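Below you'll find only one chain, the form predicted on its own, shown as structure tokens.
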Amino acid sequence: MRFPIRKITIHPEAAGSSVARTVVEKCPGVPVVTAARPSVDPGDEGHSKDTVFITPRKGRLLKRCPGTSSYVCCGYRVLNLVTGCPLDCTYCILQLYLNQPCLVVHADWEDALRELDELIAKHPGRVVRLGTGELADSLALEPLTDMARELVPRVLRRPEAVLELKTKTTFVESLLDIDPRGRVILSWSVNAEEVVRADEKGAPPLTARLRAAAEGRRAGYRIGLHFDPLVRFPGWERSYSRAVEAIYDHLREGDIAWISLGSLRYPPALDAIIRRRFPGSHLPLGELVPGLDGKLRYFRPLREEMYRRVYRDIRRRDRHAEVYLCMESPEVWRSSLGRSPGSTAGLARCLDAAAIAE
């Protein structure tokens, strides 16, 4: 699977960049224009998936994961090298947050490594976990940019850094001949097949993702999995149990560094967008109430029920993977998993240890 690109716009200040050369070489025959702004068709509603804009960065590329003090966060850093995603998931929060009408690739992404060096210098001896999956799928544009292939060796030169690449795709080919040295986690967003089919437009099936994960593991990478968002629908219990079984049909106990669990949640303003763009979606029909962060999420007992069920299924197959909740309170942790890290700092220490343990 490759996502078709119909148009490439290159900012004049990015015209000589290696990123621009790579993208143009990989898209023979695709029209290329040089302009300070991307050219898109009217009516794209800010969600064009086939136009790429290569541009210099604006502001810092390395930032904190945007958690909230109301919930326990994983405490990692995000590298925003790409903005936008060619997938079209019903629940994607980027529909609300992004206002650019195309896929944006930052040409001077190596500046982010200088920012990483500054961070390491401020905190010597500490593990720095970072990822590229906040504003984009980490590997969805890899066949177009080779960005992960370029990034991984550079991150590995920094012994304090651990890189997580999170994706729904199967685009791991460019990484399989690189020795990850135990410090690169290839992670997949996973879900029940019913959710994949109904709400993850453009993404491959769960089994295809898991085959790619097995390839990555054979190449020496450790694996991360993210059940996020967990969605309630008739028969969800059996469907998520089958998803867990599928995971361990492809991976063994000990292959997985961590597994996160997070429930469906989104800002209230996204509700109208989902209803307009996906009028047949069942997601807005769930028992959703405002959480401490203002986002709509399932009523707490419903979330806890889902976490307990999926956690139990995982622990039946795997005693070693670090299982954690994404954006939940210590009380929900204790009720669902029987334990709590107590704070963002506590969870960060657990994941730092999991990142370097093999």
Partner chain sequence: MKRAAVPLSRVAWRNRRFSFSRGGGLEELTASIEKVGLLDPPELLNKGGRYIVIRGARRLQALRRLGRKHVEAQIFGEDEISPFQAWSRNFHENRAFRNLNPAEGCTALRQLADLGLSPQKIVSGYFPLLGLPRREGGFEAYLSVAHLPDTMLDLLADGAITLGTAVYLATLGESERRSAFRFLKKASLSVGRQREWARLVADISVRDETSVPALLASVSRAARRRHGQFGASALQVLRERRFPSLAARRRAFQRLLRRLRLPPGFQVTTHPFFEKGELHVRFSASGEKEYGEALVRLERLGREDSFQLLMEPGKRPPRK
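Numbering follows the first chain given and starts at 1. Only a predicted model underlies this, so the values are computations on that prediction, with no experimental measurement involved.
This next part talks about the form predicted together with the partner chain, which is not shown.
Q: Choose from 197-205, 178-186, 117-125, 272-280 the stretch whose residues reach within 4.5 Å of the partner chain in the predicted bound form, heavy atoms counted.
A: Stretch 272-280 is the one.
Q: Spell it out for me: taking the partner chain in the predicted bound form, does every residue among Leu337, Pro341 and Arg349 have a heavy atom no farther than 4.5 Å from it?
A: Not a single residue of the candidate spot has a heavy atom within 4.5 Å of the partner chain in the predicted bound form.
Q: Considering non-hydrogen atoms and a 4.5 Å limit, does the partner chain approach Arg300 in the predicted bound form?
A: Close contact exists here: in the predicted bound form, Arg300 approaches the partner chain to within 4.5 Å, heavy atoms only.
Q: Would Leu94 count as touching the partner chain in the predicted bound form under a 4.5 Å heavy atom rule?
A: It does not: once the partner chain is placed as it appears in the predicted bound form, Leu94 has no heavy atom within 4.5 Å of it.
Q: Mark Glu253 yes when one of its heavy atoms lies within 4.5 Å of a heavy atom of the partner chain in the predicted bound form, and no otherwise.
A: Answer no; every heavy atom of Glu253 is more than 4.5 Å from the partner chain in the predicted bound form.
Q: Given that the partner chain is not shown alongside this chain, does Pro38 nevertheless sit within 4.5 Å of it in the predicted bound form, heavy atom to heavy atom?
A: Judged by the heavy-atom cut-off of 4.5 Å, Pro38 is well away from the partner chain in the predicted bound form.
Q: Can you pick the one in Pro143, Pro153, Gly286, Pro267 that has a heavy atom within 4.5 Å of the partner chain in the predicted bound form?
A: Here the answer is residue option Gly286.
Q: Among Pro290, Gly59, Pro66, Pro28, which has any heavy atom within 4.5 Å of the partner chain in the predicted bound form?
A: Answer to the contact question: Pro290.
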